[in-house]
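What follows is a pair of forms of the same protein chain, given separately as structure tokens and numbered structure 1 and structure 2.
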Structure 1
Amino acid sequence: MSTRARMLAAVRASQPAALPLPAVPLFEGEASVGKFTTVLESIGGQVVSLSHLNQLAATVALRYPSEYRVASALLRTTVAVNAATAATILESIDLAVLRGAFGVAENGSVWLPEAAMLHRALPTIAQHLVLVLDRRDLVATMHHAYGRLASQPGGYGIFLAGPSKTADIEQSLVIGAHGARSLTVLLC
């Protein structure tokens, strides 16, 4: 038996008996549009209400310059993006318009599964990000969010909350330092 195998066997032999995981209470909270909007705007994001998804193209056209290079699965785009798109193309995208799966009112975040990203880097490399979300898909807390993730297909995904920002010890806040400079959630 090798030294490595003896060490691993010793580690396995010294493990304590498995215990059941503790029960985690489901903390209640407010899953309202008002709460979600207040929190998201307090961290630099914006929320725009749409009465119907068919207003999406017009709303985006009003808010962003027509010369922007746009990537999206929801709109007619100027840049085609898929999982194999080169980083040199991704870095030139001004606006990404993507569909979020659900939002979390307690922290203003939106869950973006990989299937909705077009490319894993797109939500963090585009200059501006628009997430489209059904207002019926708001949950109150991260406890509810993780409960909802348990019922969805596995794989990569990210919670996005507000535009990218960083602050140093001199308390200088920089928006868009290493990600999208703005984040707008369009609630349908």
Structure 2
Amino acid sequence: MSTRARMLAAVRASQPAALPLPAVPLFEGEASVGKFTTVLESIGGQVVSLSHLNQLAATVALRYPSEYRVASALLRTTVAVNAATAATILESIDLAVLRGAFGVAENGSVWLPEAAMLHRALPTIAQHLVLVLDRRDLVATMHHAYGRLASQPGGYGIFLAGPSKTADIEQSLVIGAHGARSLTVLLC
């Protein structure tokens, strides 16, 4: 008998009688820009309002040094990135500007699907990260968030909440462990 068959048989022999699967209610909450901003800023991220998407390039230029090597599908950029880009090129990127699908107000996270990443490693290998989000795409809780995904999480996707951080050295919070050293959400 294969390991698979033995494991499944052992599990079947040990399982208790079937118990019901509860329905999960759609817990409501505040889906406002204010709530999203407060939570994201409390975990080290920044939120900046854009009056229109056509201000994106100017806003990025204003906020980040001009010598930064930028990768983005939303701007004219200095580094072209796609799924086949070599790691040696990816590691030189200072800033990635990506489009988030929607934000979750209760925890300040933004759903970033694979299609918006250019390369799967880009959101973590870039030194700084900007996520562009439509303010109409804010939901209250994770229940609404998974409702937006239905049962289609895509090949790869992240709920990304703030910059990379760690508290592994004496519980001191340090921003910038392995991934992006800063995260700014531009709300338009």
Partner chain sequence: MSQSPTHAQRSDVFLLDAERTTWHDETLWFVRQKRDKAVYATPEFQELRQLASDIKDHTLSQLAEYLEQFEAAALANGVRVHWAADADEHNAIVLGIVRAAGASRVVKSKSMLTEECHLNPHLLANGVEVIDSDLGERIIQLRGEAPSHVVLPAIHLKKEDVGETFWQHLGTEKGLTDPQQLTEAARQHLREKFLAAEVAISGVNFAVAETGSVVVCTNEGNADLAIGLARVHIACMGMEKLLPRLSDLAVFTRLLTRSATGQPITTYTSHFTRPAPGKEMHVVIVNNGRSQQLGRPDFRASLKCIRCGACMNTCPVYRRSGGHSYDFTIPGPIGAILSPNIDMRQHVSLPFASTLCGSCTDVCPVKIDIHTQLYKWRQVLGAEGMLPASKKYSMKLLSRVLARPGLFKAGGVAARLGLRLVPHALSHAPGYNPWAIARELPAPPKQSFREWYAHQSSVSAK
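Whichever C-alpha set is largest while still superposing within 1.5 Å between the two forms counts as the rigid core. Remember, it's a predicted structure, so these values are computed and weren't measured experimentally. Throughout, residue numbering runs from 1 along the sequence of structure 1.
Where the criterion is the form predicted alone, structure 1 meets it and its counterpart does not. With the core held fixed between structures 1 and 2, A23 has its Cα displaced by under 2 Å. Superposition of the core reveals a Cα shift of 2 Å or more for A9 between structures 1 and 2.
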